[in-house]
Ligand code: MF3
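Just the one chain here, the form predicted on its own, laid out as structure tokens.
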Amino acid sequence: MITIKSEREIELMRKAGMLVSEMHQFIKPYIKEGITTKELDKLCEDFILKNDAVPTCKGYEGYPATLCTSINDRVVHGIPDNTKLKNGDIITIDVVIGYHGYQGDAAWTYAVGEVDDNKKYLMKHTEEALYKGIKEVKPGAKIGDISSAVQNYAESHNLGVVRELCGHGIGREMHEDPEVPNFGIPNTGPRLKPGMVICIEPMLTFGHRDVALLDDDWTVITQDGSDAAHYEHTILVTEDGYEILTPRLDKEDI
């Protein structure tokens, strides 16, 4: 069931979303060669707890960590461990933070040191695909309008669109209705209404779109070993458009 949030709920989600944004800004300077993903996870968990909030991913269906840390060919749900980041890696940090019962969710892909041109291209156009989808958000639009915009932009830049994973509604729960795929047909799917809150999150690859699940039952990788990037925002449908509840604090949102 798709829920319409009250003003009180929206205000709590603004706070949750801002904490997500602040956490991304906090962790960014630590994302460098030599640090482990487990160390990044501990830093972020401490940050969340110090801000009267909850690391929602930790314990979710048995997930063992605060962050999802997905390096290079890991698409999503990489579990933090003792892997050290290397110069030239890209890493996606995905986090969900709960504040007084309501959730904020955002993912960003970061460069570790100096990355090659292919990785820069992948990151740039995955992020732009996210904003192409966001710009379709307004009352009366349909989920398919978002999905189609993401797909058309990604495929026009020769990037693979992962189809097994999608965006989602969000509120008291991390995952709520509706699903928000990254591929689709305009003017199809649920209609957007003011007060709906959704997560739009392109997961794109530099090669083929096919993915596989590792034996840990969490980590999704590209089948061909190509790099993947993932960008996500939590978006409120307003009376005349949208509001990004997880704004970038290191640069202006597109």
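What you see is a predicted model; the values in this text were computed from it and never measured. Residue indices: 1-based, along the sequence shown.
The following text describes the form predicted in complex with this ligand, which does not appear among the structures shown.
At a distance of at most 4.5 angstroms from this ligand in the predicted complex, none of the three residues V20, D41 and Y99 contributes a non-hydrogen atom. From the list 25-33, 188-196, 53-61, 220-228, the contact stretch for this ligand in the predicted complex under a 4.5 Å heavy atom rule is 53-61. A heavy atom within 4.5 Å of this ligand in the predicted complex is found for exactly one of M174, V180, A141, V162: M174. Among E136, E127, D73, D94, the residue placing a heavy atom within 4.5 Å of this ligand in the predicted complex is D94. Among heavy atoms of C68, some come within 4.5 Å of this ligand in the predicted complex. With a 4.5 Å cutoff on heavy atoms, H168 counts as touching this ligand in the predicted complex. Taking the partner from elsewhere, K119 is found to have every heavy atom lying beyond 4.5 Å of this ligand in the predicted complex. Contact check for K132: no non-hydrogen atom falls within 4.5 Å of this ligand in the predicted complex.
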